[in-house]
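Quick setup: one chain, the form predicted on its own, written in C-alpha cells, and binding and motion questions come after.
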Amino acid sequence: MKTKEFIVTAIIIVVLLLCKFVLPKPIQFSPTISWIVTILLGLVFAFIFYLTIKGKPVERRIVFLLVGISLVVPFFMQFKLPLKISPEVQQVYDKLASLPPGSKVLASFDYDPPSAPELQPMAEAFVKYAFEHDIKIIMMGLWPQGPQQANQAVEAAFEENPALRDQVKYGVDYVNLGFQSGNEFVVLRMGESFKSMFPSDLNYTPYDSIPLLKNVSNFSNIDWSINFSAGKPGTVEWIQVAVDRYNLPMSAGNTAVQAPMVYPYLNAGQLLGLMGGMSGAAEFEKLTNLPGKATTFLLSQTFAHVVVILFIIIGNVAFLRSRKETK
C-alpha cells in the first residue's frame, strides 16, 4: 500500500512539473489562489500540530509528501518575495550597467548541469541584459560543459525576447570560444594571447575570421569580465592569474557553497562584486528587471525551508510529550 501511495504521489508531482515547465502556456495561480493555497497549507500544519499534542504524530510519508508539495506548488504562485539587495550583488550590477554600448566582456562559464540551478539563472540574466544593451560577450569555459551552459543562456535570452534573434548576430555581438583543458594555465596563456589558446571557436571558425575578435589579443582588450563558477577551476584561479597578474577587472557568480571561500578576495578589492547562490541570482534578476528562474526557485526554496522548520518544531513537541509521558 505504501508503494502505491508513493507512486501516486510521484506521478502527481511529475504532472505538476510538466504543467509548469513543458506546456506552451504554463499554469499560473492568481494572487488570490496563491494566498488560498498558502492558508490551506498552514491549516494542514495546524492540524498536524494538534494531532501531535494529542499524542497522534503523523507518519514519515506524510512529512515527505508535504515537503514535496512545498517544493512544487510555489512554482505556480505569483508571490513576490521582499528581496533586500546585498552590496556585493549591487556592485556587480553597477559595474555592468556602467559599461557603454560596444564594450567587450569576457564571460567564463565554469560549471556543469548539477550546479546549473544556482548559476544558470544569473548567467541568463547577464546574457539578456548584455544583448539588450549592446554589450559584446566573449564566452568560454574551463569546464567541459561550460560552453554548452553558455549556449543555453543565449537561447534563453532569445526565447524571452524573440526580437533579439534578428538584432544579435553570432561572431559580431557574441562568440563562444569553447572549452580548453589546463585550468589556470589556460588563463595564464590567455594573458599573452587569446588566439594561442583558442585558435578557433566552438564551431571551428578560425579566430581571425570572427569580427568580434578582430582587435582582441589578450586581457588588455577586455573592458570587464565575469566568472560563473561552481568550484575548481573557477573564480579563485581567475583571480590569482587574470586579476592579480594582468589586472583584469572581474566580478563573479558562485554557488552558495563556494561563495564563502571567495569573500576574502571580494573584501580585498580583487573582485568587483559577487553573486552567491540562489539568493544572489534572484537579487541580480531584480536589479536587471529580468525576473527568471531564480526568483521562482527562491520562493520554492523558502517554502521548503519553512516546512522543514515547522516539522522540526513539531518533532520537538512530540519528543517532549513522549518524554513527559515516560516520566
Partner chain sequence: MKREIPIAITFIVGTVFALAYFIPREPFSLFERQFGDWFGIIAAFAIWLGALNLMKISAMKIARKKPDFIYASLIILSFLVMIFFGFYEGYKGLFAEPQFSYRDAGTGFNWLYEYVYSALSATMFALLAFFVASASYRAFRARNLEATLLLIAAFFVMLGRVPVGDMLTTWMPIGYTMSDWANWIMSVPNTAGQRAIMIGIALGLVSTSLRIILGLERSYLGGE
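Predicted model only: the values in this text are computed from it and were never measured. Rigid core (definition): largest C-alpha set, two forms, superposition within 1.5 Å. Numbering follows the first chain given and starts at 1.
Below, we turn to the form predicted together with its partner chain, even though it does not appear here.
The shortest heavy atom separation between residue 245 and its partner chain in the predicted bound form is within 4.5 Å. Of the heavy atoms in residue 38, none are within 4.5 Å of its partner chain in the predicted bound form. Residue contact check for residue 43: none of its heavy atoms lie within 4.5 Å of its partner chain in the predicted bound form.
The closest non-hydrogen atom of residue 33 lies beyond 4.5 Å of its partner chain in the predicted bound form. Counting a residue when any of its non-hydrogen atoms is within 4.5 Å of its partner chain in the predicted bound form, the hits in 176 to 202 run 179, 185, 188, 189, 192. Residue 269 is not among the residues whose C-alpha shifts by 2 Å or more between this form and the one not shown once the rigid core is aligned; its shift stays under 2 Å.
Remark: with the core as the superposition reference, the CA shift of residue 292 between this form and the one not shown stays below 2 Å. Residue 48 shows a C-alpha shift of 2 Å or greater between this form and the one not shown [criterion: core-superposed Cα displacement of 2 Å].
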